[in-house]
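Here's a solo chain for you in structure tokens, the form predicted on its own.
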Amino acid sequence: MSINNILIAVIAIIAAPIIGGLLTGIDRKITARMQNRQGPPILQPFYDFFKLIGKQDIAVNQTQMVYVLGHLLFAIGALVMLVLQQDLLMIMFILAFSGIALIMGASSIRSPYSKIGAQREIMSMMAYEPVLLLMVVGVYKATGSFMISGIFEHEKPLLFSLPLVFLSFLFILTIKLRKSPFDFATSHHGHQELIKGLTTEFSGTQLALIELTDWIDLVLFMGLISLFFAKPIWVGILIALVCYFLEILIDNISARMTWQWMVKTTWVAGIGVALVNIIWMYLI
């Protein structure tokens, strides 16, 4: 790896949590205004993060921190591969390992809230992972490569070749970001009947690292959205920000559905629409 690549990776690792934390703060602010509230300051996520860091760690078992670190490190690995324009398929596999690490951490605890949250997170992964893999297949069909660098070398934006895959990706983004109507496993809203579900038994530094990973995931998925219009990249970034605002809007106007409805809708609509796009590309 060259010095330039190392420098890019370091900058991405430092910048991603900052950008993710700011986006989360903006999310809270917009949500509050939609609900006719003043809302917390935009920097509130950072205040919460450092407060969690300073709290006493109470671990239910000795393996919790191992799983949390795995969750974080896999996410960082996926982020580094994204900014270095590496293999998109490998990024999806690494992201899956990150999610599995958190599920294993929640499942290692006897709390029923945590276990049910972990089971619901598994259902969420079953819903969105096939769409992510179909997106990779669509990218390969359009560019002839799994490498992200091939997307930048492609003569036209992916959005023109994969419009239906893009819509499917936006649909599962709501699941991945755990926003209504798909915030089953855990939620940042007060309507969660499982307390905090997946993260109920995590506290202190462990919970802070999980929040940090969520910020990295947010930036990573905004980056994936921008790939659909990578030339020029600033247009892709604007599209990603607009999509994030739509996710906030959907989060605030939607009631939570059942996990059965989520899986059925994603497999029928999300996977179906993506398959139509890919089959259409093969036919023409």
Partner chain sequence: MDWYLLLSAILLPALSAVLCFIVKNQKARIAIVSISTLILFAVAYGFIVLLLNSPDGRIVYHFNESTLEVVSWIIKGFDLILFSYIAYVGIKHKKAIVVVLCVLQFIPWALFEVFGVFGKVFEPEQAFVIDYLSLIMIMLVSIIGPIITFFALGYMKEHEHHLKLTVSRQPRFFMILFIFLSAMNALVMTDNLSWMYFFWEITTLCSFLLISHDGTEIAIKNGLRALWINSVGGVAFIFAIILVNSSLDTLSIQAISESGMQGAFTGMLPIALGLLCIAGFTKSAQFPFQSWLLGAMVAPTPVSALLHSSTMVKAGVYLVVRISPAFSGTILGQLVAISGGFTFAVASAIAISQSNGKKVLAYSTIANLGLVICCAGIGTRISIAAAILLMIFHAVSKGLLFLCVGTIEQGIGSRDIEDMQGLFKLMPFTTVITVIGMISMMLPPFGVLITKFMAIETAVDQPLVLLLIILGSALTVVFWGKWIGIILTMSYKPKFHIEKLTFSMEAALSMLIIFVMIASIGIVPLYNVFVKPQVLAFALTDKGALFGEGMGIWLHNMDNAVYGGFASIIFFILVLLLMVAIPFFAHRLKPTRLKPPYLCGGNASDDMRGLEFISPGDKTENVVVRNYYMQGVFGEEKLTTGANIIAGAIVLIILGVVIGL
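Numbering follows the first chain given and starts at 1. All values derive from a computational prediction rather than experimental measurement.
Absent from the display: the form predicted in complex with its partner chain. The rest refers to it.
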One stretch from 210-218, 174-182, 155-163, 109-117 that, in the predicted complex, holds residues within 4.5 Å of its partner chain by heavy atom: 109-117
Site test, 93, 147 and 282 vs its partner chain in the predicted complex, non-hydrogen atom cutoff 4.5 Å: yes
In the predicted complex, residue 62 touching its partner chain (heavy atom, 4.5 Å): yes
Contact test in the predicted complex: residue 83 vs its partner chain, heavy atoms, 4.5 Å: no
Its partner chain contact at residue 58 in the predicted complex, heavy atom, 4.5 Å: yes
Proximity of residue 70 to its partner chain in the predicted complex, heavy atoms at 4.5 Å: yes
Residues in 116-148 close to its partner chain in the predicted complex, defined by a heavy atom within 4.5 Å, in order: 116, 119, 120, 122, 123, 125, 126, 129, 130, 133, 134, 137, 140, 141, 144, 145, 146, 147
